[in-house]
Ligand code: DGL
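Heads up, the chain below is alone and in the form predicted alone; it's given as structure tokens.
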Amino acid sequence: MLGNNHPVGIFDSGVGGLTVVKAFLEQLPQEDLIYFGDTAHVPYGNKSEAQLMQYAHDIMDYFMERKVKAVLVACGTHSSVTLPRIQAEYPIPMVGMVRAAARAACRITSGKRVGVLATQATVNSHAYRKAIQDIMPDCHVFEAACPLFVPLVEAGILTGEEPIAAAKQYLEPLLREDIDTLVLGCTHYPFLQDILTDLIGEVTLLDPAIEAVKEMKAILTGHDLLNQAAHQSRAEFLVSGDNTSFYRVGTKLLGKVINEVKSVTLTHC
């Protein structure tokens, strides 16, 4: 039986999930966490469902070995494609990004016209559209794949002509549909929030990280799994590939929270 002093597992394809870690540390500062970035396989957007399931199983098996008490799937692609299956296969609470974002989008939208920026795999799944329309059937949802965003963020290219040009390209068809709310359907994308904000005018930008962490806090509370120890969160950061770039980009967002990034080898990661 897992106790409330066990850590929470958080995973993503790379540095994107650190936007979720930031929200996690703000809302749950007493909780310990283990973060896994699958940098050996980033970007996820061009991967098949079978590949993504293999990666998800490897990461979840590792988390179970580490005795995490819950998992926050800090990845739009995994939340869209693999989460429904792994939730049924592992006996611990899990929270993804899609449902949390959908609930927030339906609460925020004023004209029932919502845009979603996401990876190609997430767009192909239509997970955000389905989740939003499950709650608000008459909401119009427009999705756009952004294949350049994740490589740019992983490389630490967060400003300048290249990300601006890519953002203009991806936003143009959504803005043409007169959207009033824009969901960042990949946790890498908040790294580009300043650029996106400058381009979308009066459209409301929605980062699902804050909403997903709120749901995790509610689940931990409901299962009596909140860490009651009086200490600051202990955070461990692991990657499946090169740790140098992850450390460089990650410290831009989290600063001294990341003291060390370890490379680990899983079965397929």
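Computed from a predicted model, the values in this text were never measured in an experiment. Heads up: residue numbers just count along the shown sequence, starting at 1.
One more form of this protein should be noted, the form predicted together with the ligand, which is absent from this view; the next part is about it.
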item: Contact segment among 76-84, 98-106, 174-182, 130-138, judged by heavy atoms lying within 4.5 Å of the ligand in the predicted complex; value: 76-84
item: Every residue of Glu31, Lys69 and Leu225 near the ligand in the predicted complex, heavy atom within 4.5 Å; value: no
item: Heavy atom within 4.5 Å of the ligand in the predicted complex - the one residue of Ala212, Val239, Val42, Leu206 that qualifies; value: Val42
item: Partner proximity in the predicted complex: Val123 to the ligand, non-hydrogen atom cutoff 4.5 Å; value: no
item: Touches the ligand in the predicted complex: Val150 (any heavy atom, 4.5 Å); value: yes
item: Residues in 172-194 close to the ligand in the predicted complex, defined by a heavy atom within 4.5 Å, in order; value: Gly185, Cys186, Thr187, His188
